[in-house]
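Read the single chain below, which is given as structure tokens and is the form predicted on its own.
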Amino acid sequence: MTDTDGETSVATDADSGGTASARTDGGTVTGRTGLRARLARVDAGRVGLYVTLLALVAFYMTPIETGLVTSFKTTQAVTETAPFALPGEGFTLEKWQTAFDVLIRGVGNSVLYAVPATIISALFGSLAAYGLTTTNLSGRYKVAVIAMFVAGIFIPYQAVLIPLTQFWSNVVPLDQLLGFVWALGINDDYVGIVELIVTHVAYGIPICTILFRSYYKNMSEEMIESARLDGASLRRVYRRIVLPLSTPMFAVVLIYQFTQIWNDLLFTLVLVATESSAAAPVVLILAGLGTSQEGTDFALRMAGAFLAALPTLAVYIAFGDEFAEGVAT
């Protein structure tokens, strides 16, 4: 027994180098075989897809990264470093503080007209789409009405600038009609805010109507018919059934409309005109931010651009899930 154990021990000691070597070689062979097997299972198409997606992410994120890091640089660091390079010792929050102080008034003015115009145009578009979907109009008349809404979408802003100016100056002079409001101490420059609300509502109703109609066409007709057979009026059906089920499409319309209205500059230039106005929206103030006789302060402009974009980003985050559901339907 002792001899056997001794021989075994000696054999093990004598062959330990060979055994270890064999195990090492075997492990290496096994690892290489497993690696080859995994590589053989790789789908070339999937690899190409991921590479393309990563390239697109880099393509779209590079300008954002460049603008963001530029906004944290001093004026000297902007000229001495690459646009996409980190600021390093040139880091500063002064540009953000300056941009906030300059733009906060414009942000408030933009909220004053963007939020009401978005909500009103969405509600009117929903009502119009509900009427077009449930009405008993013959096909010919219904097509004509829908064609008018579609035509309203494709009217370019530039084509209505002069009629729009004449309308608010001569046909409906709000600065005179709202004289009792200005008598309360409110700056009469805010007549431009009222004009922007009405203008964006009028321009937004066609696209909102078409979007809601495409959604209502897929809604269960049996459910609506059963409610009407139970005696519910069209108004009650809309308020109790259609409106609660329209939440996903309202998210789509609200995000789209708010973004369009918030970023619009053309109507703002026509109806408000100057950034020195008390009612100047953020896009109008942003257009002149960071410009002077000494040159352009790119860091300040980038900081202002990101601050101006925060409300639209907040809307996307708030309605993101409903937006995805509405788009899917």
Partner chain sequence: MPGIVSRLRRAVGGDSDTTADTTGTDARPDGGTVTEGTRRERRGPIERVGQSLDDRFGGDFVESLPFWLPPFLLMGLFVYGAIVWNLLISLTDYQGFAQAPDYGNLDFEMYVRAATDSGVIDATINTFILIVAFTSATLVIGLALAILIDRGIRFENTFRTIYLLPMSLSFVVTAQFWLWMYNFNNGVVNIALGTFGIGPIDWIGNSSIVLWAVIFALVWQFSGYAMVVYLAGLRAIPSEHYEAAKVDGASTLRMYRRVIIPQLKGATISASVVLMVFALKAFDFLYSLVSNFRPPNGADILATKMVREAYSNQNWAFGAAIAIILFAMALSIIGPYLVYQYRRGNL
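Residue numbers count along the first chain shown, from 1. Note that this is a predicted model, so its numbers are computed, not measured. Heads up, when I say rigid core I mean the largest set of C-alphas that superpose within 1.5 Å between the two forms.
Just so it is clear, the following notes concern the form predicted together with the partner chain, a form of the same protein that is not shown.
Novice: Taking the shortest heavy atom distance, is Y238 within 4.5 Å of the partner chain in the predicted complex?
Specialist: Close contact exists here: in the predicted complex, Y238 approaches the partner chain to within 4.5 Å, heavy atoms only.
Novice: Please tell me whether any heavy atom belonging to T135 falls inside 4.5 Å of a heavy atom of the partner chain, as the geometry stands in the predicted complex.
Specialist: Residue-level check for T135: yes, a contact with the partner chain.
Novice: According to a 4.5 angstroms non-hydrogen atom cut-off, is P206 in contact with the partner chain in the predicted complex?
Specialist: Judged by the heavy-atom cut-off of 4.5 Å, P206 is in contact with the partner chain in the predicted complex.
Novice: So in the predicted complex, does E94 come within 4.5 Å of the partner chain, heavy atom to heavy atom?
Specialist: E94: no, not in contact with the partner chain in the predicted complex.
Novice: Can you work out which of V194, V107, V78, M219 has a heavy atom no more than 4.5 Å from the partner chain in the predicted complex?
Specialist: It is V78.
Novice: Could you check which residue among A202, L178, V102, V115 gets a heavy atom within 4.5 Å of the partner chain in the predicted complex?
Specialist: Flagged contact: A202.
Novice: With the partner chain left out here, work out from 180-188, 94-102, 244-252, 125-133 which stretch has heavy atoms within 4.5 Å of it in the predicted complex.
Specialist: Stretch with heavy atoms near the partner: 125-133.
Novice: So with the core overlaid, does the Cα of L49 end up 2 Å or more away between the shown form and the other one?
Specialist: Superposed on the core, L49 moves its C-alpha 2 Å or more between the shown form and the other one.
Novice: Relative to the superposed rigid core, does F319 relocate between the shown form and the other one - that is, does its Cα move 2 Å or more?
Specialist: It does shift by 2 Å or more.
Novice: Given that the shift is 3 Å or more, do the Cα atoms of I120 and A318 end up closer or farther apart in the predicted complex than in this form?
Specialist: Residues separate in the predicted complex, at least 3 Å farther apart.
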